[in-house]
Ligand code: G1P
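Starting off, we have a lone chain in the form predicted alone, written out as structure tokens.
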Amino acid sequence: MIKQAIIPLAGLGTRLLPLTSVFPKELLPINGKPGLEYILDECIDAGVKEIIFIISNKKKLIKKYFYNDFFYKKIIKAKKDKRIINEYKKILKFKKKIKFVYQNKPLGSGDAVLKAKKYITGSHFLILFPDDLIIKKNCSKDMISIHEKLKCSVMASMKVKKKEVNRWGIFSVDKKINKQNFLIKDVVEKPRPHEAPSTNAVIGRYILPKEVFTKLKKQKKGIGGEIHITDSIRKLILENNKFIGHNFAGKYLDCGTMKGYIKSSLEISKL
């Protein structure tokens, strides 16, 4: 059973400037609720017991959000507002499950995940990237179910436009298992459109084996001078580690761009 999740949060959020010049993008409200809380709800609903946040010194507001007890207690004592009391109880519930790890140099997703190595105790763990919201269906829960049934690693996937493949890690498909799942033959980080093996893109949900840390520790910098988790996953796949691509059933929302952030609020408001 997958009981631990890593959520990388150290990125600067430059695509959402000027909003992120002083405020972490993960705390920006989406339909009146911080985007990060949608990710936390997904984790908890999927049965995750411990969540490791990767933050930086520039993102300490995220930690303060969960450790602002004095402020809440003072307000509650003065007002005894039920809504505020319930919000505080929710934050306390989240706080019990969260650990904080720091990545102060922006060296990429792979380096961020490697920072959490000492906290991972199980054979596999979950990673969720907060820019990628998946609503209407719990993608993490479905992936954990597949992992338990097939005893292997699982990555979320969806079809993207050919001209946009250079934004993503792209799978080459070995064979279909069923309508929603396929065996992965290879994965390439941000290929050029004419070099992409397919239009099946990696979306921000992964169930990975603990062995990925060994690869990450030796991983050289890739595109953009960063250490990409995709490159280490590729090494595991090429060593015949079984990876399943999961075409998730929920609706994907890209919260990492201004256009996507605005659209996310509109879509969630309709639920």
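Quick note: we count residues from 1 along the sequence shown, nothing fancier. Given the structure is predicted, the values throughout are model-derived calculations rather than measurements.
Only in words, not in the display: the form predicted together with this ligand, which the text now covers.
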Identify whether this ligand in the model of the complex is within 4.5 Å of every residue in the set Asp132, Ile203 and His228, based on non-hydrogen atoms.
yes
| said: Residue-level question: is Lys105 within 4.5 Å of this ligand in the model of the complex, judged on heavy atoms? | reply: no
Can any non-hydrogen atom of Lys97 be found within 4.5 angstroms of this ligand in the model of the complex?
-> no
Any non-hydrogen atom of Phe182 within 4.5 angstroms of this ligand in the model of the complex: no
With the partner left out of view, is Lys115 within 4.5 angstroms of this ligand in the model of the complex by any non-hydrogen atom? no
Of 86 to 94, 187 to 195, 143 to 151, 116 to 124, the segment with heavy atoms within 4.5 Å of this ligand in the model of the complex is residues 187 to 195
Picking from Arg167, Lys137, Lys74, Lys162, the single residue whose non-hydrogen atoms come within 4.5 angstroms of this ligand in the model of the complex is Arg167
